[in-house]
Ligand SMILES: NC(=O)c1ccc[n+]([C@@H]2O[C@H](COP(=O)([O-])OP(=O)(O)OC[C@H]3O[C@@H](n4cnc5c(N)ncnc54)[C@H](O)[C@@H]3O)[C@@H](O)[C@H]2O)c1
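Only one chain is shown below, in structure tokens, and it's the form predicted alone.
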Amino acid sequence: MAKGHADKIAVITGGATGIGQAFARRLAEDGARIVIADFAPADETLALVAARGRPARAVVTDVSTPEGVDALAAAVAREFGGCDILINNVGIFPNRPFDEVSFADWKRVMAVNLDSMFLTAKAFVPGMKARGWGRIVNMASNTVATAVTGYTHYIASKGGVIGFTRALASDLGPSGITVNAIAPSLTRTTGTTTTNPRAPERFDHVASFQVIKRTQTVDDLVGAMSFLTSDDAAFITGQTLYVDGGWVRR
């Protein structure tokens, strides 16, 4: 178990399923109190957290909008008093050739994948500054380095996540707040297996580029997240950690 999670309040966006759910489970095991923000109800995640004996709350909201984040921040303040650990995990990944991407498509992906991170940071950073401690982890993607086809708007948004992470780390470092990003490969989740009818073939294709030649799972990501949000990572900030089986090596 990493150090420094006991009784910390962790807010995880997109935590109803998939990677966010795995993060909630691990942080509960580490001793944190959990708040899930998602478009959908998070009953399954709440049950996993409760089974580990930790308090949890779910807020059904759209964190890509100021109103949605205001509702989340109010719930966190009312029930837990603030946020110590912010995991910006929510994201959408539509596959569409560039010629078919409308401006509305572009704006929606940017809103969910990037604007949400700005809005949640604006909401929770003041409290972190007041306490002199905070951890922010933003979910990026190794597609920024691999540039696969059909995801122009998605990859652009994740490039923005990496830039935002570096810049925000510079601003917040003097206040005892670290900001880092995790960039996974294609990860097996309910979302990635149900949205693509060619998912098994796609997983095998991606694995062929990796040094570790198997499909990435959510359990491959929880250790990196736990470390980056712990006291052990107090001197690491502004970094993007590629957790992708060795596809991207930098």
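None of the values given here were measured: they were computed from a predicted structure. Each residue number is its position in the shown sequence, starting from 1.
Omitted here: the form predicted in complex with the ligand. The next part is about that form.
Taken together, the three residues 40, 62 and 192 all come within 4.5 Å of the ligand in the model of the complex, as judged by their closest heavy atom.
Proximity to the ligand in the model of the complex, taken as a non-hydrogen atom within 4.5 angstroms, holds for one residue of 118, 93, 133, 80, which is 93.
Residue in contact with the ligand in the model of the complex (any heavy atom within 4.5 Å), chosen from 114, 177, 139, 72: 139. Contact with the ligand in the model of the complex, defined as any heavy atom within 4.5 Å, is confined among 72-80, 119-127, 151-159, 97-105 to 151-159. With a 4.5 Å cutoff on heavy atoms, residue 230 does not count as touching the ligand in the model of the complex; it lies far away. Interface membership of residue 89, defined by any non-hydrogen atom within 4.5 Å of the ligand in the model of the complex, is confirmed. Using a 4.5 angstroms limit between non-hydrogen atoms, residue 16 touches the ligand in the model of the complex.
The ligand in the model of the complex comes within 4.5 Å of a heavy atom belonging to residue 186.
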